[in-house]
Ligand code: AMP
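Take a look at this single chain, the form predicted on its own, given in structure tokens.
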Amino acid sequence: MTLRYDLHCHSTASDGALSPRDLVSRAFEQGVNVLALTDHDTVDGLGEARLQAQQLGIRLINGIELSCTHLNQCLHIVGLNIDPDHPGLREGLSKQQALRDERAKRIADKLAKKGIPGVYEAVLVNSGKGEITRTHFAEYLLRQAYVNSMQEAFDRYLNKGQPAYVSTSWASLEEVVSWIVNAGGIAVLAHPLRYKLSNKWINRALAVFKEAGGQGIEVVNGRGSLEEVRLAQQFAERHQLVASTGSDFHAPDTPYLELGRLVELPATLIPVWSLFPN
């Protein structure tokens, strides 16, 4: 049987629209055989997702997506095949979650100064038990008709340089990689071309990443063009990193970012799943 992998997606445990159970069901419907749930700075959805994966015969890879700060730039590191109960990882997640909550309050304060009050309380309710992300703020602004689209919410309020943007000093790149590696996982730099950084900058960051124990890079991403796949392939080859693939799925209303709807990894690269235990 040909295996179809999707190693980057999100549930309501962070900023996804589907519960972990429903996310796994949708992956199954889309023909995904091996799925990694990689919520932002939390592993809270993995238990529910695993129960549904077992019911449907999907292999679930324990995953996470961690924010880190490297040279004043936020990067996202996906951890695959982690032990979600590892004490060091749990301690790190507690720190990240505290930073997320602090950031959320500061974003809400800035929105209040722009005449949009009560947003923190609203997104807290809307996020349920999940981690609060900027997506929750964008959803609120759209629901309340302050903007006409999610993208407009980011462009007018939430992106860097806009009035509700908050710069956050996350854990360092080295720290985040160590949390993943010490939890038995594989650290993967997510969507390397989305940061809009120079190739020189990315290459330097990847050298630090690999020195810290990072092993992979996301070569195929749901948002990436074929040209970006080619560039990410070059990063993988230059730094001798294994290649990962993931849709970065968040919600059903973005069909161009569907679970499992991914081009093939370049055949010359070593896939990250070659490192998964049998």
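Note that this is a predicted model, so its numbers are computed, not measured. Note that residue numbering begins at 1 and tracks the sequence as displayed.
Only in words, not in the display: the form predicted in complex with the named molecule, which the text now covers.
None of Y146, Y195, F154, Y120 but one reaches within 4.5 angstroms of the named molecule in the predicted complex through a heavy atom, and that residue is F154. Proximity to the named molecule in the predicted complex, defined as a heavy atom within 4.5 Å, holds among M150, I116, L124, A171 only for M150. At the 4.5 Å threshold, heavy atoms of Q96 stay clear of the named molecule in the predicted complex, well away from it.
The named molecule in the predicted complex is not approached by R106, whose heavy atoms all lie more than 4.5 angstroms from it. Although the partner is absent here, R134 is a contact residue: one of its heavy atoms lies within 4.5 angstroms of the named molecule in the predicted complex. Not displayed here, the named molecule is kept clear of H86 by more than 4.5 Å at the level of heavy atoms in the predicted complex. Annotated contact segment (heavy atom within 4.5 Å of the named molecule in the predicted complex): 97 to 105, selected among 177 to 185, 97 to 105, 78 to 86, 203 to 211. Contacts between stretch 39 to 53 and the named molecule, counted in the predicted complex as any heavy atom lying within 4.5 Å, involve H40 alone.
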